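Next comes just one chain, in structure tokens: the form predicted on its own.
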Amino acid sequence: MAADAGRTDVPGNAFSVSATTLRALRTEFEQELFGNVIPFWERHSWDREHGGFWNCLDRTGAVFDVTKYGWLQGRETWLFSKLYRSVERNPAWLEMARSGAEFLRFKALTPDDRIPFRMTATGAPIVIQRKIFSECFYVMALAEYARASGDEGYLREAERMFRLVWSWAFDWTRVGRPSHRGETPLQSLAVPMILMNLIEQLTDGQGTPYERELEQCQLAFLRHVKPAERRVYEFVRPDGSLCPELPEGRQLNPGHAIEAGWFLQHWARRRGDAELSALAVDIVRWSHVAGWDDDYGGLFYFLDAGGHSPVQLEWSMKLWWPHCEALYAHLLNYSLTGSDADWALFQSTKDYTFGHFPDRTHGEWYGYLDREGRVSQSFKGGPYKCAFHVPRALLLCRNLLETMEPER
């Protein structure tokens, strides 16, 4: 591990970066969040007729596809609930959150407790995935809405669904995915990392009464972490051993690893676990170094640990969400270590991200750039992009910068 990885709780006046710089950054993040990003979704996303949110919005905010996506409905419901609860008791934010929560619970939820991946504008299922992620974001949305609205019934429903999700999480045959004789059993990083975050959201950061489940998914996540190689693998065998003979067994996803690193850091800090905190710091550092494109800047989407050409055709693209996760993860590292190296990683990420993704004409951020940083797809919302990674990262950074500033 890095020599300064264990340094934590750096006093505000011990940072090498000045209070003036931190204050200016906080203002910049606030202006980006509340001046450029949130207004776009307020203007264009809310479906006042059917409830919930339009997900597929072009560069200007016009709806180009009336299909709705269950996991994105959950994400946007969570966002406006969080804003109402933690930033300002804006009635419009609560009303948007209510619209999303009611759409999910009373229109999208199927009789067999699934949330469709794709659905009609009114909530009729089109595609139900043999995965657990739409249901995970249903849990997050309802738990946060319950706290914003004071309606405990939504929290009880979130807890009920979490018990189902947990029973499905590590065996997707329970949600209809077939198992074939020739398969190589592999565990996906996506499962333990989302469960770590899901428990944080469900319990408002307390963990109780899911300490056993939290411990289990942390252990599952750590099987993907290989300190000797300074890597986090996207897929490993159930015992944590590698599978280098298959492309998926060599797959690295820097954005996922960075996001998982700060998820782990949140729990390490709450538990006062200095060793786990130091490992979380290093996970973020390693993944950035492995994923950064030294020629054109930005983080690659996928890499092959064996040095082969990645099989994903989009491997070299620069996507919005890994850069959002890296913004917060590096700033969190710096807040704990005071390391100039961590600040440099944050600053280089910020320079690339703010220099390439925001749309200063129509608002919000582009999601997809080619390797050289040119806009590839101009839409602002689609099947995989909504009001989540960008505003969450901006909000987390703004809040963290506020705690890092000395008393004014």
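We number the residues from 1 along the sequence you see. Keep in mind it's a predicted model, so treat the numbers as computed, not measured.
As for the form predicted in complex with another copy of the chain, it is not shown, yet the points below apply to it.
Requested in this report: Look at the stretches 262-270, 303-311, 134-142, 150-158 and give the one with heavy atoms within 4.5 Å of another copy of the chain in the model of the complex.
Outcome: It is the stretch 303-311.
Query raised in the report: Can residue 120 be called a contact residue for another copy of the chain in the model of the complex at 4.5 Å between heavy atoms?
Result: Taking the distances in the model of the complex, the answer for residue 120 is yes, it comes within 4.5 Å of another copy of the chain.
Query raised in the report: Can residue 227 be called a contact residue for another copy of the chain in the model of the complex at 4.5 Å between heavy atoms?
Result: Contact with another copy of the chain, no.
Query raised in the report: Might residue 374 be said to contact another copy of the chain in the model of the complex, defining contact as any heavy atom within 4.5 Å?
Result: Yes - in the model of the complex, heavy atoms of residue 374 and another copy of the chain come within 4.5 Å of each other.
Report task. Tell me, yes or no, whether residue 340 is in contact with another copy of the chain in the model of the complex, where a contact means a heavy atom of each within 4.5 Å. Result -> No - in the model of the complex, heavy atoms of residue 340 and another copy of the chain never come within 4.5 Å of each other.
Requested in this report: For the three residues 39, 211 and 348, verify that every one has a non-hydrogen atom within 4.5 Å of another copy of the chain in the model of the complex; reply yes or no.
Outcome: No residue of the spot touches another copy of the chain in the model of the complex.
**Report entry** in the model of the complex, the one of 274, 242, 246, 190 near another copy of the chain [non-hydrogen atom within 4.5 angstroms]
**Finding:** It is 246 that has a heavy atom within 4.5 Å of the partner.
Query raised in the report: Of 171, 88, 183, 295, which one comes within 4.5 Å of another copy of the chain in the model of the complex, counting heavy atoms only?
Result: In short, 183.
Query raised in the report: Hey, which residues along 63-82 are within 4.5 angstroms of another copy of the chain in the model of the complex, non-hydrogen atoms only?
Result: Contacts from 63-82: 64, 65, 66, 67.
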